[in-house]
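Have a look below at one chain only, the form predicted on its own, in structure tokens format.
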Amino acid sequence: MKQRFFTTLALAALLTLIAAMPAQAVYPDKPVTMIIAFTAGGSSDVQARIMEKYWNKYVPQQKWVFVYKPGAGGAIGFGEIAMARKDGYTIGGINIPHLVIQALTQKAQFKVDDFDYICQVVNDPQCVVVRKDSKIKSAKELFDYAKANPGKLKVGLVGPNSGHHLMYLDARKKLGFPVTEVFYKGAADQNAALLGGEIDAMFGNLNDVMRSLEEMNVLALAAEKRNDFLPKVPTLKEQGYNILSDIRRAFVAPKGIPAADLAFLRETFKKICMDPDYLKDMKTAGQPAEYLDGAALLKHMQSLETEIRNAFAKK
């Protein structure tokens, strides 16, 4: 009888202790910081804002807090993500091949392995673009003019050490392209420079160009095939120039966040990327949606390393 009494007393004490303990927090239990490595209003920002809309649908209890860290072709912001606390409450957008280029060719604050990869969300082909009022009406005219007038043509790029820069180096190597390159912190600045007459042409993302089509003329796409957004615009390959280039956008966390948090992020982002309304919004915004899971994304990035080393070793 006495033993039963003490057993009951011990059980009651244990239950009281458990009840007094704070409930384990369910991730996320506070706002999540979203770092954008380019200027507000550019393609990376626009896409992340669409993601935010659907994050709020699937995770309504916690919002994103946007922080902009532009500069050095994204390297400043990418470094901020890599060095953030590994608690699952800081994530960010990256651009590829920018991040791979910077990790391999400069003293960046990060390596490719310094991130937990959530997923890829966009595959955005690059374009050769001039203003609507430009006398240059084709890619051939642009390349021919550059060769005939070395250094006179000003071409805008986001960078340096970015996908835009990589495309420029490829064109210079294959075609001979003696222009004056002008670098900008982000696509919004690059677009403004073209429209304002500061530069003569630019290598830019399809999405950035789509928002200013009334004032820009797309001469060619650096893609394998024509794009549904601009079906009348030929590829560079169609015109005899073997130049392919795209900018992929993805989301990452600093390497080493809790496994359960990473699994939650990956599952949530996949739900967003498969949401029919999200895909409609992406199409309306001119964002070429393409989902890759974290493992497939990392494999793609690793496949770029040899090409990038060769391109920047000879620049």
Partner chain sequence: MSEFLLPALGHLCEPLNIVLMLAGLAGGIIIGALPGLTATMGVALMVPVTFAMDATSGLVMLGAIYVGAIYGGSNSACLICTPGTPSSVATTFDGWPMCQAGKADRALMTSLLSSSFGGIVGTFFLLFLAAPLARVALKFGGPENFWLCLFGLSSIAVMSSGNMFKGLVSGGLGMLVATIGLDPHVATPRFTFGYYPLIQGVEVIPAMIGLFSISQVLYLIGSYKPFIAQYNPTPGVFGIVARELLGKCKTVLLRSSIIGTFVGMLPGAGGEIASIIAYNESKRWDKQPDRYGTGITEGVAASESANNGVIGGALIPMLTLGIPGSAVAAVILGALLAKGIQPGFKVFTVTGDLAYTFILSQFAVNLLMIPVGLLLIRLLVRLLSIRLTFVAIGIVLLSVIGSYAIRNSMLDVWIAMFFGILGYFCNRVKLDTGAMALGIILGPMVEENFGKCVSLAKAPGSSVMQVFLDSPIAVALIFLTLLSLCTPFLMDLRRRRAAAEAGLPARPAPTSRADWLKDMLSGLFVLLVAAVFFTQLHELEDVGRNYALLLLAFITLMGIWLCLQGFRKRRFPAGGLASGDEEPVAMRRVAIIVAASAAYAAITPVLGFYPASALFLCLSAVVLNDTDGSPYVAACLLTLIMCLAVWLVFAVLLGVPTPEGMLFQ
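Quick caveat: nothing in here was measured; it's all calculated off a predicted structure. Positions refer to the first chain, counted from 1.
There is also a form predicted in complex with the partner chain; it is not shown, and the following applies to it.
Residue-level contacts in the predicted bound form: of A171, I118, M210, A223, one residue has a heavy atom within 4.5 Å of the partner chain, and it is M210. This chain is displayed alone, yet in the predicted bound form one of R49, K270, K255, K63 has a heavy atom within 4.5 Å of the partner chain; that residue is R49. By the 4.5 Å heavy atom rule, the three marked residues A75, K152 and A285 all count as contacting the partner chain in the predicted bound form. In plain terms, the part of the chain that comes close to the partner chain in the predicted bound form, with a heavy atom within 4.5 Å, is 192-200 out of 139-147, 238-246, 192-200, 118-126. Although the partner is absent from this view, P28 stays clear of the partner chain in the predicted bound form, with no non-hydrogen atom inside 4.5 angstroms. Using a 4.5 Å cutoff between non-hydrogen atoms, K107 counts as a contact of the partner chain in the predicted bound form.
Under a 4.5 angstroms non-hydrogen atom cutoff, the partner chain in the predicted bound form lacks D87 among its neighbouring residues. Taking the partner from elsewhere, K69 is found to have a heavy atom lying within 4.5 Å of the partner chain in the predicted bound form. For the partner-free chain shown, G159, P160, N161, T180, E181 of 155-181 come within 4.5 angstroms of the partner chain in the predicted bound form, judged by any non-hydrogen atom.
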